[in-house]
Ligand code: BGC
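Take a look at this single chain in structure tokens; it is the form predicted alone.
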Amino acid sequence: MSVNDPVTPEMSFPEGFLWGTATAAHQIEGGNVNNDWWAWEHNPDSGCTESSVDGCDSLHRWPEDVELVAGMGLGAYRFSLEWSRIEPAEGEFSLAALDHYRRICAACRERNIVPVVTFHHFTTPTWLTARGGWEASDAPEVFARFVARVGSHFGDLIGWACTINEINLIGVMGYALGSSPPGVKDDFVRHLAVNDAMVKAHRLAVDALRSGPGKFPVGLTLSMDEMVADPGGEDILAAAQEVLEDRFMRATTGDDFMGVQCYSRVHFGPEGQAPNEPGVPLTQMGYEYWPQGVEHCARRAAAITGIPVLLTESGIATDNDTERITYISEVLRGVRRALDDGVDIRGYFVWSLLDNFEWSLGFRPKFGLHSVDPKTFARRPKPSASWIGAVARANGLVPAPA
């Protein structure tokens, strides 16, 4: 199937529906040596399989990445800013780094691509982590200062703004599971304190962006799962929903949208999170293959927040690109069902543009619409790249390539 072949969509989407793809700075740029994740992946006790090293060399190859988005015919590109590049020492802002990200926004605009900018995507400068990271008493204000400085430099070019990516995972991964910096396990008190700090940081960031140049929707993104209770797990499920999702959805009051990011389904039993359901296939991440979860989470987010939903990440880690197309097709059928029921969903972003660094699992999981050669960094489109482009051009679900 060529992107220019006429196709008849199986179903159409609303006029103006935003079709995009997403990346994150630390996962693709390479050489982000001044943040907590670089330190973490070089800690032999962290459990990380490898370092991000050069990533996909997108620090230098970003024009090529923007061209990939344009070539697919997508209307939006979601990318993140590396805070530690922009503010390499506390209170010192790099004009070169600010100009770098301004150029990315401008290049998107020149190609009729909406730049969707994420201000924090898991990485925090080491100068802040050295004095407590998100547990520092002034961390929310420090983050808001960074956001304000960025907004003043290129807020006029921003299309949508996501303050904090998966705002709920900073606490759960860093202070409950211990799988992300700072690697603390099972400290519920610190976990909840960091949750509160993240919410405050988000609210201050929203105010900072609205006080600067440009007029664009502002919101946060939340990592969501379709959560289900196995027998006896109803109370644990309710508690998990409160800590992992509901606390943050209540914090969206006054926001323009909420970013929903869903990949799968999780189970809860009387002792906590329960094993996956036997017989359900798993992805390379160990998640259940469960495209139905996106529809469930979009409906839940819209019902609780009362604001529009933007599906800021959705995809599957697999070496089988046919499976990727099948998975996304099932997701989009669910999105259409939700739209038909009046759920206000504004767009859909595939994770990810590139096969990239997947945090503690390194480069093994393959989420990308394009593969990346680990030595030359050459990008090669997969059939799913052409297919999602055809979906975007048709503004509807089209058949998979023959």
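The structure displayed is predicted, hence computed values, not measured ones. The numbering used is simple: start at 1 and walk along the sequence shown.
A second form of this protein, the form predicted together with the named molecule, is not displayed here; the remarks below concern that form.
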Inset, instruction - Let me know the one among Glu358, Glu41, Asp57, Asp65 whose heavy atoms come within 4.5 Å of the named molecule in the predicted complex, would you? - result: Glu358
Legend entry - Option touching the named molecule, based on a heavy atom within 4.5 Å in the predicted complex, out of Arg324, His202, Arg85, His121: His121
Inset, instruction - Pick the stretch from 96 to 104, 249 to 257, 164 to 172, 232 to 240 whose residues have a heavy atom within 4.5 Å of the named molecule in the predicted complex. - result: 164 to 172
Inset, instruction - Verify the flagged residues Asp225, Leu282 and Trp290 against the named molecule in the predicted complex: is each one within 4.5 Å by a non-hydrogen atom? - result: no
Legend entry - 4.5 Å heavy atom contact, Phe363 to the named molecule in the predicted complex: no
Legend entry - Contact label in the predicted complex: Trp351 to the named molecule, heavy atom within 4.5 Å: yes
Inset, instruction - Look up in the predicted complex whether Phe143 has a non-hydrogen atom within 4.5 angstroms of the named molecule, and give yes or no. - result: no
Legend entry - Any non-hydrogen atom of Phe367 within 4.5 angstroms of the named molecule in the predicted complex: yes
Legend entry - Heavy atom contacts to the named molecule in the predicted complex at 4.5 Å, residues of 295 to 327 in sequence order: Glu313
